[in-house]
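Here's a solo chain for you in structure tokens, the form predicted on its own.
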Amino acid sequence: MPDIQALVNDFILKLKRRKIEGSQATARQTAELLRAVVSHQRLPYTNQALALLDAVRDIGEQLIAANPVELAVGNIVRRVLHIIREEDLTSVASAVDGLGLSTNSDDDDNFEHDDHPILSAAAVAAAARSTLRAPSLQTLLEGLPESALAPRPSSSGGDSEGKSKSAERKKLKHDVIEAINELIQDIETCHEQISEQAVGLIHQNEVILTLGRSKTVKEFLFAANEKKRSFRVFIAEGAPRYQGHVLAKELVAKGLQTTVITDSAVFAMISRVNMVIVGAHAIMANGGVIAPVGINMVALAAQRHAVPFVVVAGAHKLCPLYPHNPEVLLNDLQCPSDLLDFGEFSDCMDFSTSGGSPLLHVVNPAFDFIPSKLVSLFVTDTGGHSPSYMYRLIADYYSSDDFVVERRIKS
């Protein structure tokens, strides 16, 4: 059996040292680690879901602190917490159904349900609580029918109840692990799911503009090219790392007509473009986008010339937080050597003000923030969505109780 804490420490070290490249790989490895945590977590006799939530929350807080810039880590931690809550609710509902309980409104016809007891909402809530703990005097007084509380005959007596409780614990853990496996599968296939929508967006003889290099954008363009769509791609080079040059080589190798332009030429070329397609680092709860630096300039140019601005990103990049939340680190300063060679400017470093601070400062931000009003469409692995709909997607994936991931203080 692997040492879970050793796996956690190793992953934290990778996050701190930025050894994992890309949000997809980070999200997948985070989900795999949390799956191992759930698998090896020992569950108590009662409150199994709470024990899983505490274990995942404890590890998740450490992972998020290791690299706050990589929002995909926090997204996956919150997704797993939401999965645990959903599976727990499902198991409670199944247990209530197993007791033969039902609720009914005043307008329903009661005659055809004479064989089954009709209970109030309070009674059903009591039944739900009874599935999470042994029957108590309070439970008996909350309106449960005698048939639901009567001990069932068993040849093994108390051993049967113990086996039943053990089976319930194993089922919850099994269901959570299965749901995490589905999440990992969704992360691994997100590019394929997004690329399937390329044919509906990219049409014959269109001109597409992008900036830098995004794997999601690359697969999106490849998919449209494989469907024999003839189009041209303008690529802004994405200074100072010039990842656009890499993307241009990859597109040319697939037979796509490609033109590389400087970032400053975007406004000059945007009038020839039919659509802008870019990737994203994260999509926030208000529909705003954290994307590689320079894309905000492209979005402004697209708005000015009424060119559709499309963002393609996997669902693991949906973040339930807002840009103003203190947990969100909107930017990251990269190494100044990407901009200036130290040898050429070393003499400038010697000059300083009377206060001792240097006269020359080099700032190399990694990201831009693009407000939702500049985005025309989001394309995720679940389909195309307008910015105003993103809150609904986030509500499906996350629980509001998990927006802030921190360890529960034990009294």
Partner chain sequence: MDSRRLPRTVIDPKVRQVGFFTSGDPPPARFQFIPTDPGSSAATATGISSVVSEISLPSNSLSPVMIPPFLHSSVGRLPSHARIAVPGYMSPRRREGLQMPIGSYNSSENFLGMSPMLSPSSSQLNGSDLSEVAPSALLARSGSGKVASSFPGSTGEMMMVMAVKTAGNASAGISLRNVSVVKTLPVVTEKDEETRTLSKNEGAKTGGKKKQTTTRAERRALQEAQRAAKEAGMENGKGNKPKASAGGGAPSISNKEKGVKPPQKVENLDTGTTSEKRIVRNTEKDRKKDIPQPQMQFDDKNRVEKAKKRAVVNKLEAKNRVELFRHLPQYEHGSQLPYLQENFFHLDHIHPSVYKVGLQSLSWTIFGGNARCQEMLLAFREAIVDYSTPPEKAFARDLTSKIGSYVSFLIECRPLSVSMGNAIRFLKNRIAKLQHDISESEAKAQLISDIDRFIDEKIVIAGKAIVQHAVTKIKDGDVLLIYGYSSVVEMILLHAYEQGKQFRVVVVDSRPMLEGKILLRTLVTKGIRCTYTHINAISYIMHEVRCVFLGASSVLSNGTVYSRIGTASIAMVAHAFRVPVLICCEAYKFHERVQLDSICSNELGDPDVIAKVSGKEDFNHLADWADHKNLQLLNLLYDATPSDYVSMIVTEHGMVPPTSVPVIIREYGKDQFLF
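Positions refer to the first chain, counted from 1. Everything numeric in this text was worked out from a predicted model, so none of it was measured.
Beyond what is shown, the protein has a form predicted in complex with its partner chain; the following relates to that form.
Novice: Can you work out which of Ile184, Leu256, Ala95, Leu201 has a heavy atom no more than 4.5 Å from its partner chain in the predicted bound form?
Specialist: By the 4.5 Å heavy-atom cutoff, the listed residue in contact is Leu256.
Novice: Which residue among Gly288, Gly314, Gly279, Gly294 has a heavy atom within 4.5 angstroms of its partner chain in the predicted bound form?
Specialist: Here the answer is residue option Gly294.
Novice: Its partner chain is absent from this chain, but in the predicted bound form, do Tyr45, Leu89 and Ala179 each have a non-hydrogen atom within 4.5 Å of it?
Specialist: Checked in the predicted bound form: no contact with its partner chain for any of the three.
Novice: Just to confirm the contact call: exactly one of 78-86, 316-324, 214-222, 262-270 touches its partner chain in the predicted bound form at a 4.5 Å heavy atom cutoff, so which is it?
Specialist: Every other range fails; the passing one is 262-270.
Novice: Are any of the heavy atoms in Arg232 no more than 4.5 Å from a heavy atom of its partner chain in the predicted bound form?
Specialist: Arg232 belongs to the contact set for its partner chain.
Novice: Can you check whether Ala306 is within 4.5 Å of its partner chain in the predicted bound form, heavy atom basis?
Specialist: Close contact is absent here: in the predicted bound form, Ala306 is far from its partner chain, nothing within 4.5 Å, heavy atoms only.
Novice: Going by a heavy atom distance of 4.5 Å, is His174 a contact of its partner chain in the predicted bound form?
Specialist: The answer is no: His174 has no heavy atom within 4.5 Å of its partner chain.
Novice: Heavy atom to heavy atom, is Asn364 within 4.5 Å of its partner chain in the predicted bound form?
Specialist: Yes, Asn364 lies within 4.5 Å of its partner chain in the predicted bound form.
Novice: Between Asn325 and Phe309, do the C-alpha atoms lie closer or farther in the predicted bound form than in the shown form, with a difference of 3 angstroms or more?
Specialist: Closer in the predicted bound form, by 3 Å or more.
Novice: Which way does the C-alpha gap of Asp368 and Val328 go in the predicted bound form, closer or farther, given it changes by 3 angstroms or more?
Specialist: Pair moves closer in the predicted bound form.
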